[in-house]
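Given as structure tokens, the chain that follows is alone and in the form predicted on its own.
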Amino acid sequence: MTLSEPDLTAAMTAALQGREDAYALALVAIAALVRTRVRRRLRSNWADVEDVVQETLLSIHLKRGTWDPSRPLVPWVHAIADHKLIDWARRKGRQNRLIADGITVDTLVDVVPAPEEDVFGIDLDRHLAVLSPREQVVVRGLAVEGRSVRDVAATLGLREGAVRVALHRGLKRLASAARKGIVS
């Protein structure tokens, strides 16, 4: 699904105001946008592209409250996608496979500023405190540190499916806490 910048911005603005239908619409459009961007920059198989897309969507979900509705949405989404591409390339050790107009990941690292710990002004520990200890490890490992599901599962001695379920439940609990004003 493709939405124009104003329509996508309107959908995300409505989503931030609690409209679930608008959020679903925005995520579908953002996924298509990110998928196209990642496919153009990443010379790899479909699974790798989808991994980067999913990591980007997760990051957007977790950081959606930091987006300023008075600013364009698409550049914000592209910046997050670019950071996830760089993270993927570093994890895979395939720095020469991320190519856009002859630019490798090494060049992008010099151009794209590294995010700072508190760039969004979020007290991560306070937010994660609403989660169970297992969910905290899962959310921190996958969403914050960018570790793989397999790595987090090995750390906790769980199956990969259990880690995915814990991530889903943790994100749902974080969203609920945010709606209730427990964390903001």
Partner chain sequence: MKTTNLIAVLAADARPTKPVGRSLVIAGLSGGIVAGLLFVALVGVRADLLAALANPRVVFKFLFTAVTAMAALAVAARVSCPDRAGPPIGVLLAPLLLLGAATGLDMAVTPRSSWAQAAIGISPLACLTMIVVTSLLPAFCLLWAARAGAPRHPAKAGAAAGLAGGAVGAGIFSFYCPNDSTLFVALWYGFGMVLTTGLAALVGRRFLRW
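Positions refer to the first chain, counted from 1. Under this definition, the rigid core comprises the largest set of C-alpha atoms superposing within 1.5 Å between the forms. Everything numeric in this text was worked out from a predicted model, so none of it was measured.
Unshown form predicted in complex with its partner chain; subsequent notes refer to it.
In the model of the complex, none of the heavy atoms of Thr36 sits within 4.5 Å of a heavy atom of its partner chain.
Among heavy atoms of Ile86, none comes within 4.5 Å of its partner chain in the model of the complex.
Proximity of Val152 to its partner chain in the model of the complex falls outside the 4.5 Å heavy atom cutoff. Of the heavy atoms in Ala11, none are within 4.5 Å of its partner chain in the model of the complex. Proximity to its partner chain in the model of the complex, taken as a non-hydrogen atom within 4.5 angstroms, holds for one residue of Leu158, Val137, Leu42, Leu27, which is Leu27. Each of Gln54, Leu58 and His168 comes within 4.5 Å of its partner chain in the model of the complex, counting any heavy atom. In the model of the complex, Ala15, Leu16, Gln17, Gly18, Arg19, Glu20, Tyr23, Ala24, Leu27, Val28, Ala31, Arg35 are the residues of 6 to 35 with at least one heavy atom within 4.5 Å of its partner chain, listed from first to last. The two forms, fitted on the rigid core, differ between this form and the one not shown by 2 Å or more at the CA of Val138. With a cut-off of 2 Å and the rigid core superposed, Met12 has a Cα displacement that falls short of the cut-off between this form and the one not shown.
A shift of at least 3 angstroms brings the Cα atoms of Leu27 and Val149 nearer to each other in the model of the complex than in the displayed structure. Relative to the shown form, the Cα atoms of Ala143 and Val28 move together by 3 Å or more in the model of the complex.
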